[in-house]
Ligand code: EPU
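First, one chain by itself: the form predicted on its own, in structure tokens.
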């Protein structure tokens, strides 16, 4: 097993933040992971799992052994009366998986098109977009225990899915009697249950606008896929051209009373009514109301077309560009501004390392 030393991580995170890995190993199989765990030098080292690097902010060099997950494979593993069960390797590109499922005639992931990152990272974040979350299509996953080398399987209830949350984002807490797998497990395969009785999910204004434009009231899964790709390309910068980590803050949920107070301060704040009686606020709208769109601190900036996205204004692959410190300084300034104006403390989506 080849372990590379002093590896530049700028190409391996979509923000293109300057940082190095003291050591990095590319793992393409369960055997690769086990070989590292059994190695006399690397086995005892702390581990840092890296997928597509689309949801992290590196605030310095990584001293732990970086496990770059490159496990491949796409296949139909089972079929029930209700669903196609599709399995993907954790190192597969997420968008490529979505495109492949549609090409095979397995709809259900189309609303999640063009989300950057890898399949293995998707359950960690419980990714979601346009009315669909990963947990809505999740069947199970296989992971390897980084202490014992044993494979185990988790189903949805065991993953603790929440809004952009799962057991993989939390450590164990004896005080809270909480079960967490952060840093203790590496996801190797993920399975999805894609419904045979497919129905389009169209509850977002952007999708309704697309339906109105084409006069299509019963779009196919492929049509929704194309619409979502077009909408995301309009609103979000391509990480290959402009470094970013996608939506930087979670959309906060508030009570109707809190929402009424916020709307009284700014009627333009975008909000959505939830089935549980609560209201979800568009974090980008709150940030925009505070005047942050297009502003910068150092080489970290707020995207001109979408205030929810922070971008790298100085990125290149020659060692120059934004630092994690600049990104977090900008993020904290935005949090303070929004809290002072609306009494809402925005929570970052990316993992800060």
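Nothing here was measured: the structure is a model prediction, and the numbers come from that model. Residue numbers count along the first chain shown, from 1.
Below, we refer to the form predicted together with the named molecule, which is not included among the displayed structures.
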property: Position in contact with the named molecule when the complex is considered in the predicted bound form, options 137, 232, 99, 189, heavy atoms within 4.5 Å; result: 232
property: Among the candidates 70, 32, 326, 288, the residue which, in the predicted bound form, approaches the named molecule to within 4.5 Å (heavy atoms); result: 288
property: The named molecule contact in the predicted bound form: residue 272, any heavy atom under 4.5 Å; result: yes
property: Partner contact for residue 306 in the predicted bound form: the named molecule, 4.5 angstroms, heavy atom; result: yes
property: Exercise: residue 129 in contact with the named molecule in the predicted bound form, heavy atom 4.5 Å; result: yes
property: Exercise: residue 284 in contact with the named molecule in the predicted bound form, heavy atom 4.5 Å; result: yes
property: Candidate stretches 258 to 266, 193 to 201, 89 to 97, 233 to 241, one within 4.5 Å of the named molecule in the predicted bound form by heavy atom; result: 233 to 241
